[in-house]
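There is one chain below, alone, in structure tokens, taken in the form predicted alone.
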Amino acid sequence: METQAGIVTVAGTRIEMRRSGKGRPILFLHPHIGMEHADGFIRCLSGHGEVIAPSHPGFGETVRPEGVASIDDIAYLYLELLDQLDLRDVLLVGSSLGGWIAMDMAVKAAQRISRMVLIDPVGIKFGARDKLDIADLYAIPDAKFIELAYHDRGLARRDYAGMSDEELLVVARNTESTARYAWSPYMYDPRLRHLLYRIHIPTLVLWGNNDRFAAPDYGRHYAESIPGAQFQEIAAAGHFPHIEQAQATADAIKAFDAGAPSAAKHKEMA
């Protein structure tokens, strides 16, 4: 299915956005590595509806305005995007950093969101203050991050010498923006865990069974913290199942979407 790329202006911010497929809207929020290697997953998921995949402020070709300085700010921006496009019955899918953004959206206002899938999300602190739940991106070399985050390390290697200046700039912008949003506290918002009771939509937490950047036990704690959430592992995948197991991840999302109760029924059950 053909993917269309363009720019949409939301609250004065020009956002790079891809759209693929037709039907029920699916908002996909990418991880801290940006849209790298996400095309296959978008194609797999576009058979289920229209996938709308923006690049976060400061990532890809999206400018980061002065007023956007936190995950909280991005969540409000994407809620405005849903309003502007008048999207309803949205299936919200977020990976890693994108999962954090998705959850922040859900605790704020979920009227336009009917279901949510979080793929190896970050954003919550479970362990002691002096213990990291998630490996420190900024304290380990790239080779170690690849070892921890990927089941198939070959998918993570970049040929920097063969990349264009534009491609190198995107990598640098993604790295810088991740630090701006998630440096301190590292990869979590201390307020968010206490707001999860506000999530009243069916939620699935997917986790790569070989994720050592944020281990499956962290994922189980994540699911247990969200009212009524389900937890499911994706085999032969690390921190980015949407890259390493695009079809299996898309199939799990489709199965959940087909079998999940309505948001209203979910609220009654919770």
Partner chain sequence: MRVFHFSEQPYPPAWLPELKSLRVDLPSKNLDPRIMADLYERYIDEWILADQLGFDVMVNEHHASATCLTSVACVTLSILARVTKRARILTLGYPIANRLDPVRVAEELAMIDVVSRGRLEMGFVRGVPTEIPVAVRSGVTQVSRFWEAHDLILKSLTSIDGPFDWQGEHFQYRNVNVWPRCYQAPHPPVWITGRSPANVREIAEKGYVLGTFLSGYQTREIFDNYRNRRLELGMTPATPDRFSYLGLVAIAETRKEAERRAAIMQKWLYSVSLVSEPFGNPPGYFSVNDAARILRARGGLKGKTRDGKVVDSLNGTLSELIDAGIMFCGTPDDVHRQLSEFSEGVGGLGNFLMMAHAADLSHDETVDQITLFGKEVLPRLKQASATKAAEIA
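For clarity, every value in this text was computed on a predicted model and none was experimentally measured. Positions refer to the first chain, counted from 1.
Beyond the structure shown, there is the form predicted together with its partner chain, which is absent from this document and is the topic of what follows.
The candidate spot formed by Ile33, Leu81 and Leu85 is out of contact with its partner chain in the predicted bound form: none of the three has a heavy atom within 4.5 Å. For the chain shown alone, Pro141 is a contact residue for its partner chain in the predicted bound form, at least one non-hydrogen atom being within 4.5 angstroms. Remark: Glu176 counts among the residues lining its partner chain in the predicted bound form, judged by a heavy atom distance of 4.5 Å or less. Within 4.5 Å of any heavy atom of its partner chain in the predicted bound form lies no heavy atom of Tyr197. Residue contact check for Ala172: one or more of its heavy atoms lie within 4.5 Å of its partner chain in the predicted bound form. Heavy atoms within 4.5 Å of its partner chain in the predicted bound form are found in exactly one of 73-81, 178-186, 121-129, 95-103, that being 178-186. Within 4.5 angstroms of its partner chain in the predicted bound form, the stretch 55-85 places a non-hydrogen atom from Arg64 alone.
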